[in-house]
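First comes one chain, alone, set out as structure tokens in the form predicted on its own.
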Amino acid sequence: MYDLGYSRPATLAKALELLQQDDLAQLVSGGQTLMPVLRARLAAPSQLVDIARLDDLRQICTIGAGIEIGAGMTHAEVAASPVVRAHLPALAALAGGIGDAQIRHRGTIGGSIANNDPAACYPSAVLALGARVQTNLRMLDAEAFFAGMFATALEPGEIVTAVHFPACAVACYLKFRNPASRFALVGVFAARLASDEHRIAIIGGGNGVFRWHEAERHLDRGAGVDGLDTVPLDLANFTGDIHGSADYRRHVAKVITRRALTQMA
């Protein structure tokens, strides 16, 4: 076992100080991705800075017509929150369907979007709803935050502190689960914003979360759900593996999108 330090700062300011002092330090909150990575020796940080219990990161509240969710809130807490259930029931349902009970009670929304796993559920909601990601340094629009597979706009020493979700007329999240791992083989978050604009974000393709702009324009023109079969969906957004080819994943994405839009209607 390699040497590994552990710190649990009492404040966000102290956590940031520790990161500034040690370039090899690694944040940990729920640790649902980091712990397997450490066991596999795919990362060797000098120390773990545990931010799971920081009060600065643990809140859910309304802001105007939207809501703010602190980065330290677990999936289970997001799913059970009366505020989220009232304002964004699709987001509550998404959180309640992540992994299993153990993962939902440890994993956090901030950790999920900062890691940006191609199969993670939260990035689809953040992108589809046009949410904004608050860090200790700045506010980032969802389009600017996600930068491809396991990549974001976060700079060294920058921490996600909260996510701001705007008001939404109606939304639905559906995913096609891998029957063994229960990860999303493909997931779709479809939304009609308060402005009546449609937005569709897809995860599980393999290259990171992305929007299906052609389908959004199709719906904004007043075209029906059935017509989605003829709307192009770029195969370059998908990769293949032992669980399914790129073309298969694209087909599933279209099917799941139709189902989500039908449920919204």
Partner chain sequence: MSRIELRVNGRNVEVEADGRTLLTHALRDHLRLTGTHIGCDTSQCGSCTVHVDGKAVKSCTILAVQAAGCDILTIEGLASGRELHPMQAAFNDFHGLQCGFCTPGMIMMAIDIVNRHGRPDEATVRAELEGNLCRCTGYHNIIKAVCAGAERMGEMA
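Positions refer to the first chain, counted from 1. Here the structure is a predicted model, which is why all the values come from computation and not from measurement.
Although not depicted, the form predicted in complex with the partner chain is the subject of the following passage.
Using a 4.5 angstroms heavy atom cutoff to the partner chain in the model of the complex, all of G31, L48 and Q102 count as contacting.
The partner chain in the model of the complex is not approached by R85, whose heavy atoms all lie more than 4.5 angstroms from it. Taking non-hydrogen atoms only, R106 approaches the partner chain to within 4.5 angstroms in the model of the complex. Under a 4.5 angstroms non-hydrogen atom cutoff, the partner chain in the model of the complex has R182 among its neighbouring residues. Taking the partner from the other structure, the partner chain in the model of the complex has no heavy atom within 4.5 Å of any heavy atom of R259. Between the options I63, M35, A44, L235, the residue in contact with the partner chain in the model of the complex by a heavy atom within 4.5 angstroms is M35. Residues placing heavy atoms within 4.5 Å of the partner chain in the model of the complex fall in a single listed stretch, namely 49-57, out of 195-203, 208-216, 49-57, 222-230.
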